[in-house]
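Here you get one chain, nothing else, as structure tokens; it is the form predicted on its own.
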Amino acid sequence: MAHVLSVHDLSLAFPGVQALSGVDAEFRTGEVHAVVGANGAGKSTLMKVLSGVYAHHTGEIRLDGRPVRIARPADARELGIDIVYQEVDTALVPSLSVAENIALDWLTHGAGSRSPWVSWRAVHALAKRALSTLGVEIDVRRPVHSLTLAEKQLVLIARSIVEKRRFLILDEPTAALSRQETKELFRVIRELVRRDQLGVLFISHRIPELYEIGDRITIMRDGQVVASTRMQEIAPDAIVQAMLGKALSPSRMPRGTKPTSAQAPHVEIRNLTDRFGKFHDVSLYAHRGEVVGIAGLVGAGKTELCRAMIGARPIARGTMAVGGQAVALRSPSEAIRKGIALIPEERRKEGLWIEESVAHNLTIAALDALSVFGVVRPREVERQSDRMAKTLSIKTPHVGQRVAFLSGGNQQKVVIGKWLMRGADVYLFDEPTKGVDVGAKQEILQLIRRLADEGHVILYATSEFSELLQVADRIYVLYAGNVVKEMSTAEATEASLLYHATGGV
């Protein structure tokens, strides 16, 4: 018999923010239930309520019609509810083995905790059975830090199997996966739903994926449920309109004055080769006023190339010139002095002080301009932060709010605003719309286009090819660390970009 997890009239507020307002929703075992919404819609907050992270809510949670209290994650696990966050490393112990991570709950709270002795044979056998159930082969003795992101997600899912969970929440599980890794994850999900009658709550901003894996969908906006139906009964355009409260029609963005071929490139790299073999003999150039796309799938070398261009990754050979002058960057601080800024793919790890305020994050790179004789002027920090927050439409009750409480899209705007405040000249964007909803995505693309039209140089690395077709002037395609194609956006299509990004010649 199917189990039913439901919430009734659920509301939750943070200082200055009503995160959830009268939410009613129902989830069943034996199906994949997609939960979608724009950044800040409340979907992640709802999932954190169900997984025991937030307990200060009003309203009721029921399991099979019986009211339950979930005051902490342990309560959720006892009820058979588990969550796999997008930042999987927060739930894993990198220095421990695959087997130890899979058996972690079993060892600390389950049957394995009843003995004063640890049977490593039993731990390894338990982990192997769980992975075998998923149809996955991973050496259970490997340390978790050596795994790929996709393998780490499977380890967390295997942990849930060991404890026989009824409901598994997956928060943006495919955001950083390749297409093949996504297919493998979907295979595992379908098998668990079919064989074990697991209920999967699936959060994603990638609407086409929902039709691949979802049975039902719940759409949230402004902390409320605005629609709930079966996947086959709603069209993609209707999902977007329900998420945003309006129709959205992305189109190619208007360009400013194009650079002429007679102009010298402002940024040029020649035969750049990574010391660790992630990219080889990469040559490209970019003029002022251009958005130059770097298209590639996961693992193509985009991130490594961007990091090398700010001195955060050693190169074996090759040259880089900015403004006609050769530069040999040995650290990101040297890149900053040259006016080069990176908006990294992992914004929470590398782009933000997540527990600090919006004001702190926006001004941290420009404190010299906000100080007198080395003493920071707090009022000027607040004034300039307010100005930037308004310029970028950052949704926050005030600039003293901790960045951790902002949605993904607003966090990304803070990362960009930090470098706008500093006044960078060359911007490297690495997957800037990862984990960002369609509305915030358009705002970020418009901002990028505006920066180019103001005369900045933009290098835009992404696996979202449709975005490049909207915003880029020229596109280089990376495959296995090599530039395999250069083309103008006018001659490019998603199909042609995918063809070259998968090794077609």
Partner chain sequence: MKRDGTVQWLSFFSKWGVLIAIGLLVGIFALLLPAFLSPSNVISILRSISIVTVIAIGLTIALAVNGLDLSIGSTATLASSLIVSFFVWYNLPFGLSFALALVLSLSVALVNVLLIVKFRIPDLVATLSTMFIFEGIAMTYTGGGSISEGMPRLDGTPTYGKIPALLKTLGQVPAIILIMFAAVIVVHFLLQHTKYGRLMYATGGNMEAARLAGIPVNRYRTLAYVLSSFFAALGGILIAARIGSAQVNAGAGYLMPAVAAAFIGFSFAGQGKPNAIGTFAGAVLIGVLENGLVMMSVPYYSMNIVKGSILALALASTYWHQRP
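All figures in this text were calculated on a predicted structure; none of them were measured in a lab. Numbering follows the first chain given and starts at 1.
A second form of this protein, the form predicted together with the partner chain, is not displayed here; the remarks below concern that form.
>> Quick check for you: of 149-157, 425-433, 340-348, 79-87, which stretch puts a non-hydrogen atom within 4.5 Å of the partner chain in the predicted bound form?
In response: It is the stretch 340-348.
> Honest question, do V193, Y211 and T229 all end up within 4.5 Å of the partner chain in the predicted bound form by heavy atom distance?
Replying inline: Per the other structure, none of V193, Y211 and T229 touch the partner chain.
> For L96, is any heavy atom within 4.5 Å of the partner chain in the predicted bound form, or not?
Replying inline: Output for L96 is no: heavy atoms all beyond 4.5 Å of the partner chain.
> Is G374 close enough to touch the partner chain in the predicted bound form, meaning at least one heavy atom pair within 4.5 Å?
Replying inline: G374 belongs to the contact set for the partner chain.
> Is the gap between P332 and the partner chain in the predicted bound form 4.5 Å or less for some heavy atom pair?
Replying inline: The answer is yes: P332 has a heavy atom within 4.5 Å of the partner chain.
> Would A312 show up as a contact with the partner chain in the predicted bound form if we use heavy atoms at 4.5 Å?
Replying inline: Output for A312 is yes: heavy atoms within 4.5 Å of the partner chain.
> the partner chain isn't shown here, but in the predicted bound form which of E356, D237, D139, D281 has a heavy atom within 4.5 Å of it?
Replying inline: Residue within 4.5 Å of the partner: E356.
> Given that the partner chain is left out here, which of K418, R216, H266, R165 has a heavy atom within 4.5 Å of it in the predicted bound form?
Replying inline: Flagged contact: K418.
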